[in-house]
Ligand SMILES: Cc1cc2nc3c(=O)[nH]c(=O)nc-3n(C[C@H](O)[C@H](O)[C@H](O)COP(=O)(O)OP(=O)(O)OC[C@H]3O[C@@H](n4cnc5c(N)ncnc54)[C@H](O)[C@@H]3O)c2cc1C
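This document opens with one chain alone, in C-alpha cells, the form predicted alone.
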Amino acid sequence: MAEPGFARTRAEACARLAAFVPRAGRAYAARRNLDEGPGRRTTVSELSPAIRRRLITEEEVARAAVAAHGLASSEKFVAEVCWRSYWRGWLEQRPQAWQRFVSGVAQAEQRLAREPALAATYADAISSRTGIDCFDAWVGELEATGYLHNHARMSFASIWIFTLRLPWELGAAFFFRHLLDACPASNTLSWRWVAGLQTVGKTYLASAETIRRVSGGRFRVEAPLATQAPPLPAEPPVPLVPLPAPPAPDPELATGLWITTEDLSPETIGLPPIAAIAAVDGIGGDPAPLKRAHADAGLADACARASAHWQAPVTRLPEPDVEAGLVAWATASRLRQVVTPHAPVGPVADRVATAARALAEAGIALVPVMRQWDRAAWPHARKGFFAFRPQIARLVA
C-alpha cells in the first residue's frame, strides 16, 4: 500500500492505484461528489498529484479502471482522468491563454499596490479571514495538504470571483503555488471556466446548500454568498495554433536524458539508449514549500529509476543557470543529442525552449519526446470537452 499522504514515488502511486481500482466503477460515479474532508476521503483516488507529474500516467490509470470494470461502469472515473489530457491538449493549441494569464497576474498585482481596499480583501482571503467558514477552512486545508476536492475548488473559485470580487488571476496563481496537482493547463483553464471566459458566458455560482450537502454538513455557510455570477468581460478569442509535428531522436547519436518534473516516468516512454542523465531542481516557478518538497521527492525517485533502467549516471544540476549547466554536462558527457519528455505549455516548457537554444549553440540537439497518448489525444482538444469525450474509448483501447 502507498504510505499516508500523497504518492511521492512511482511505486507508491502504483500501489495507490491498485488500492483504489475496486472503487473506480459505479461506486465512484455514485459518491465522487462527496467531500469527506482531509484524511478521510474514500470517494476519490487522490492520485492527481502523481498523475500531474506523471509518476503514473493518465493512460495507466484509465486502462486499469477499464480493465477492472469495463468502460461503461468506469466511465465517470475515466472521464475525470481524461480531463487533464483534454486541458493540456487545449492549451497546447492555444498557448496565448497561458500568456494572458501570466500578464493578468502582473496587472492584478499592480492593482493591489494601488487599491488598498482590494489589497485588504486579498490579504483576508489568503489568510482565512473572510468569515466564510468553508472558504477559510479551504485556505487552511490547501496550505496544509496541497489538495482540495474538486467541488471545493469550484466553490472556492466562485466565491473568490463573485463574492469577494477578487481578480481571478490572483486566485489561480494562489492555487498554482499550493496545489500539488496544479498544472498550467488544468488550473488556469478551470479558473477561466468558473469566470465565464473558457466557455463564453457560462459561469459557476457557488451555493451554500450545495456546499453543505457535498461536505456532509461540515460547513454551516452562514455568511452571504453572491446570488449571481455574471461572466467577466469578454476577451478576444484565443487563437488556435497547429500542434507541432513531434520530432524523433536519432538512435545513432550519443544521447543524454534530461528529466524535469513535468514527466517523472521517462522509462515508460520508449527512448533510445541513454548514456547520461541530468535533472534540474525547481524550474517550475515559485511553489509553496510543500509543493516543492513533493516535486523534489518525485524527481529523486525518477532519477533513481532512470539510472537503474539505463545503467547511466545521474547529474543533479543547480537551478540558477540551467542552460549553462546543461551545456557543461552534455559536453563533458560527450553527447550529440539530449532527449527530454515533452513539457506542456508553462514555465518548464519556457525553460526547455531556452535550453534548446543554448545546447544548439554548442552543437547539441535537444529533442522533446511526446508520449503516444498525447499525440493521440491532444488533436481532439480543439473544442469543448463534450466534443473530446467520444475519443476516450479509442484512447483506452
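Every value quoted in this text rests on a predicted model; they were computed, and no experiment measured them. Numbers follow the displayed sequence, beginning with 1.
Heads up, the form predicted together with the named molecule isn't pictured, but that's what we're talking about next.
**Q** Could you tell me which of 272 to 280, 141 to 149, 224 to 232, 120 to 128 sits within 4.5 Å of the named molecule in the predicted bound form, going by non-hydrogen atoms?
**A** That would be 141 to 149.
**Q** Residue-level question: is residue 105 within 4.5 Å of the named molecule in the predicted bound form, judged on heavy atoms?
**A** No, no contact at 4.5 Å.
**Q** Mark residue 46 yes when one of its heavy atoms lies within 4.5 Å of a heavy atom of the named molecule in the predicted bound form, and no otherwise.
**A** The answer is yes: residue 46 has a heavy atom within 4.5 Å of the named molecule.
**Q** Report whether the minimum heavy atom distance between residue 51 and the named molecule in the predicted bound form is within 4.5 Å.
**A** The answer is yes: residue 51 has a heavy atom within 4.5 Å of the named molecule.
**Q** For residue 215, is any heavy atom within 4.5 Å of the named molecule in the predicted bound form, or not?
**A** Answer no; every heavy atom of residue 215 is more than 4.5 Å from the named molecule in the predicted bound form.
**Q** For the spot marked by 28, 80 and 191, is every residue within 4.5 Å of the named molecule in the predicted bound form through some heavy atom?
**A** Judged in the predicted bound form, 28, 80 and 191 all sit within 4.5 Å of the named molecule.
**Q** Which residue, 135, 101, 162, 87, is the contact with the named molecule in the predicted bound form, using a 4.5 Å heavy atom cutoff?
**A** Checking each option against the named molecule in the predicted bound form, the one that comes within 4.5 Å is 87.
**Q** With the named molecule left out of view, choose which of 157, 166, 91, 295 has a non-hydrogen atom within 4.5 angstroms of it in the predicted bound form.
**A** So the residue touching the named molecule in the predicted bound form, by this definition, is 157.
**Q** Are there residues in 181 to 200 with a heavy atom within 4.5 Å of the named molecule in the predicted bound form, and which are they, in order?
**A** Read in sequence order, the residues that approach the named molecule (within 4.5 Å, in the predicted bound form) are 181, 182, 183, 186, 187, 190, 191.
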